[in-house]
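Starting off, we have a lone chain in the form predicted alone, written out as structure tokens.
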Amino acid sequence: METELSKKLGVEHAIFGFTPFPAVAAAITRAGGFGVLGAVRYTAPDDLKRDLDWLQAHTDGKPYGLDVVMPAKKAVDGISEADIEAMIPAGHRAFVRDTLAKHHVPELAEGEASGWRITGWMEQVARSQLDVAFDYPIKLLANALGSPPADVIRRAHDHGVLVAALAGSAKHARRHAEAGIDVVVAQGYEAGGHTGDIATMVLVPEIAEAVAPLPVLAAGGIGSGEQIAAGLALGAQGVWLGSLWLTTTEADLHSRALTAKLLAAGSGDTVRSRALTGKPARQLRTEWTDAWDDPDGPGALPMPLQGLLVAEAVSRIQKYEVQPLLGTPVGQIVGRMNSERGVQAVFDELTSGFEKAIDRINRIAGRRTTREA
């Protein structure tokens, strides 16, 4: 499953796996793919350094990358987290309190800090992450929300690091190309997390044509080898997979209840909602997302206000595993995520499915199959 891009990066299979878990990223790289560690949860540089040290020691010298978040458009900029907190309306805080009280969600213990903060969405935090990351031999820097600032792109290139950016339309992809991006991730509507409203089948060939000859990765609703083959047939040079790894044995969700919800969910059990960060993000549909999407509610605040507003609430929901409210970003591929397996087992299934798909097309075209060649 090699392409020009995978060869350039020294990767056996053109499967790029995004994950917040170092153990998953390392396992993806060891399996012959390209592990990409999500940095958004690292608000302390020393924590990121610790996990990059671990990743470096557990990837057998094979390549890996880092994903940061630098919003192209910012509701606020250049001010402190405390100042941003002060901008949150009292009515929204009351709505959070009332929703939690309705579901009898316990308070955190006295002195216990929220375990989930959205400060990683702030540019100054992402820049501090880069100060750490460029001390490591990362091969790819991805930005989840548009092109990084020009100085960040230059800095990455000075370190010999390719830069990727996610795009939900051909218009966005062209902007990335003009900004000097090396790889465009065409992320369709089906994807987990922040995503646009164009489906992957339509989006990938549009972007591949719009930015040619830049390499494109297909993302959104991909979780089988057959779908990987389809992505490559549409003009991509690889695939970007995120949700699929959430139910691997190496993942650390800290919640058996959440894992059980993912395993039981169907492809229709997700929703694009602003409830988590203020931007549309696909996630499990819950009574929490329903409350924020209710027209009679106050509505979500813009990023990063919404994330700061709900940070403690999300921590309480996760800690106490409050079933009606418990959720996570995940794509429509969740309908295929019905068992817990190791990353290597997932890779074995992906590569096998890819071969079957290629053989099927070869038979249709009257060519020899991979088994006959």
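Model, not experiment: these values are computed from the prediction. Numbers follow the displayed sequence, beginning with 1.
If you look for the form predicted in complex with a further copy of the same chain, you will not find it shown, but the lines that follow are about it.
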- request: Using heavy atoms only and a 4.5 Å cut-off, determine which of Ile333, Leu55, Val69, Leu48 is in contact with a further copy of the same chain in the predicted bound form.
  value: Ile333
- line: Students should find that, of Ala233, Leu214, Ala291, Val105, the residue having a non-hydrogen atom no more than 4.5 angstroms from a further copy of the same chain in the predicted bound form is Ala233
- request: With heavy atoms only and a cut-off of 4.5 Å, decide whether Glu206 touches a further copy of the same chain in the predicted bound form.
  value: yes
query: Looking in the predicted bound form, any heavy atom of Ile198 within 4.5 Å of a further copy of the same chain?
result: yes
query: Is Glu287 close enough to touch a further copy of the same chain in the predicted bound form, meaning at least one heavy atom pair within 4.5 Å?
result: no
- request: With heavy atoms only and a cut-off of 4.5 Å, decide whether Ser255 touches a further copy of the same chain in the predicted bound form.
  value: no
message: Within 4.5 angstroms, counting heavy atoms, which one of the listed stretches 83 to 91, 157 to 165, 139 to 147, 225 to 233 is next to a further copy of the same chain in the predicted bound form?
response: 225 to 233
query: Are there residues in 1 to 33 with a heavy atom within 4.5 Å of a further copy of the same chain in the predicted bound form, and which are they, in order?
result: Met1, Glu2, Thr3
